[in-house]
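To begin, one chain is listed below as structure tokens, in the form predicted alone.
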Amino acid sequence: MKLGHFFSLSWFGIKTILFKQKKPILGTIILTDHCNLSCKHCAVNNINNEMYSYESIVKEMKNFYKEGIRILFFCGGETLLWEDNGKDIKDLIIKAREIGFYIVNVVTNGTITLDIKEADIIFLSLDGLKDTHNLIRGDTYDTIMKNLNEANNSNICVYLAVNKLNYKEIEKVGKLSKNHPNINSISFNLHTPYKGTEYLALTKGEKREVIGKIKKMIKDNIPVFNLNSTLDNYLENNWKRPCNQCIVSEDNKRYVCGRCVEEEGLCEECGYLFAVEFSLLFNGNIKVIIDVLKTYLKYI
């Protein structure tokens, strides 16, 4: 990250804390809901079968930038399936750079390619070792590992959604992430029980077990891209939501924090650890501020 960008983001944080402002700094644009998989925990794929146009996406990027957003995520469906008149994800990243975004990230299931050096971080969905991952996502593990082995110029963060089927394996995936030369970090979320996926939700006891394992991995120098200082807050469920500093846009419809805000009661079951982190960060939690400097800057 450029030094000027770091100071700009820091100033945003200071103003947010001091003046209780609710302006967003992180924006996510959904490019398409098309997906080549049907993962057990997913509730947002292949619903409208829409591939949003390059022009509409660029227009929303420009709107985001004018509103002060400087961190941009591209998501799906499967993000890398997106194309429009010869344009693909790399064209969008390049355009985002031209507009002025500081950090541009991509979320993908890894079945297409992971050699996207244009992105700051590629968040790669991997939901366990081979048998467990394939149980959740279909027979894709070998394809993902092949693509991972060929991605020599990309900053890849494994993105693991912890649920009833895979929570026993997260330490093994953590070790894989530490030992693989093309993986830079691993980030955990806990399953948010969207309608139809409630059976995958962890019990309170299982959540405590998972958080304990994540803490141990951090202590054991596994490259965990989560903040140790916020994990107990997640368990205690005592953080403010929705997080006003994050917005999601799909087909020019906006959601504060995430799409789950429109489903009654789901916000209280949120498992997105980054939302906990941003909420506590922008409420001025000193431990979290220090942890951000130690952790986020290491992996971006």
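Nothing here was measured: the structure is a model prediction, and the numbers come from that model. Residue positions are given as counts along the sequence shown, with the first one as 1.
FYI, the form predicted together with a small molecule isn't displayed, but the following is about it.
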| query | finding |
| --- | --- |
| Stretch from 34-42, 65-73, 50-58, 229-237 whose residues place a heavy atom within 4.5 Å of the small molecule in the predicted bound form | 34-42 |
| Contact residue in the predicted bound form, chosen from 107, 103, 89, 202 - any heavy atom within 4.5 Å of the small molecule | 107 |
| Of 176, 161, 112, 93, the one that lies within 4.5 Å of the small molecule in the predicted bound form (heavy atoms) | 161 |
| Close approach of residue 190 to the small molecule in the predicted bound form, 4.5 Å, heavy atom | yes |
| Contact label in the predicted bound form: residue 167 to the small molecule, heavy atom within 4.5 Å | no |
| Proximity of residue 77 to the small molecule in the predicted bound form, heavy atoms at 4.5 Å | yes |
| The small molecule contact at residue 125 in the predicted bound form, heavy atom, 4.5 Å | yes |
